[in-house]
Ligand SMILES: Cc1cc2nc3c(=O)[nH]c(=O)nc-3n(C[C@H](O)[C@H](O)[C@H](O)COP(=O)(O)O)c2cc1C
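Consider the single chain below, provided in structure tokens and representing the form predicted on its own.
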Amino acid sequence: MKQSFDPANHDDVDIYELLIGLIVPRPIGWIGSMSREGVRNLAPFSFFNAVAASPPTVLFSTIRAGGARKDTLTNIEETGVFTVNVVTEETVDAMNLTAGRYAPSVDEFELTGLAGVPGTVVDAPMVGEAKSNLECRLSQVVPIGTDGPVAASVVIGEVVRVHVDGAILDGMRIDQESLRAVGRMGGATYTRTHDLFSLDRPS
């Protein structure tokens, strides 16, 4: 028997836990940005996805816990640009390290030892070790909810350059087995993408 939950009758954090446990696996947007002072920032967000192809557009959301803004959001609003770096098995440990809470003065590229590669068309850093990077220009920021513990800001960006490791390319398609992407499940749980299968779409 299913149990039903009315979000209006439950704590926001409890509903958040339900959502992150049910909407799985989630791709991880590993977002690179830079402050106006030139401090590089790198942080993962699992509320992330592609939402359009013309123009190519991605979005991610960042929590504003109690009204506090994450460095990523501040940087993007001030500079108007960011990068998305694809998380794979080779980089998942470094990604997890960048999920910590650090002072704005901390450069997560230095913290992890990752190579910070300057964007080619936007002034934001990319992860050199990532198999793919997207350079993005900010389209808009949409605030969601009030300043409670899980209020969020949705960041929407247009992809202006795509970089892909040739070893995972088959023409314009990505070899998913070679990509070895990692997804986010509920809590501290992640998933690999080894057990793949195909379905033919009905004509």
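In this text, residue numbers run from 1 along the sequence as written. All of these numbers come straight from a predicted model, not from anything done at the bench.
There is also a form predicted together with the named molecule; it is not shown, and the following applies to it.
Peer 1: Would you mind picking out the stretch of 98 to 106, 129 to 137, 116 to 124, 77 to 85 that comes within 4.5 angstroms of the named molecule in the model of the complex, counting non-hydrogen atoms?
Peer 2: After filtering at 4.5 Å, what remains is 98 to 106.
Peer 1: Look up in the model of the complex whether Val155 has a non-hydrogen atom within 4.5 angstroms of the named molecule, and give yes or no.
Peer 2: No, Val155 sits far enough from the named molecule in the model of the complex that none of its heavy atoms falls within 4.5 Å.
Peer 1: Going by a heavy atom distance of 4.5 Å, is Thr72 a contact of the named molecule in the model of the complex?
Peer 2: Contact check for Thr72: yes, within 4.5 Å of the named molecule in the model of the complex.
Peer 1: Heavy atoms within 4.5 Å of the named molecule in the model of the complex: does Ile63 have any?
Peer 2: Answer yes; at least one heavy atom of Ile63 falls within 4.5 Å of the named molecule in the model of the complex.
Peer 1: Do Ala43 and the named molecule share at least one heavy atom pair within 4.5 Å in the model of the complex?
Peer 2: Ala43 belongs to the contact set for the named molecule.
Peer 1: So which residues in 11 to 30, when you check the named molecule in the model of the complex, have a heavy atom no farther than 4.5 Å from it?
Peer 2: Read in sequence order, the lone residue that approaches the named molecule (within 4.5 Å, in the model of the complex) is Ile28.
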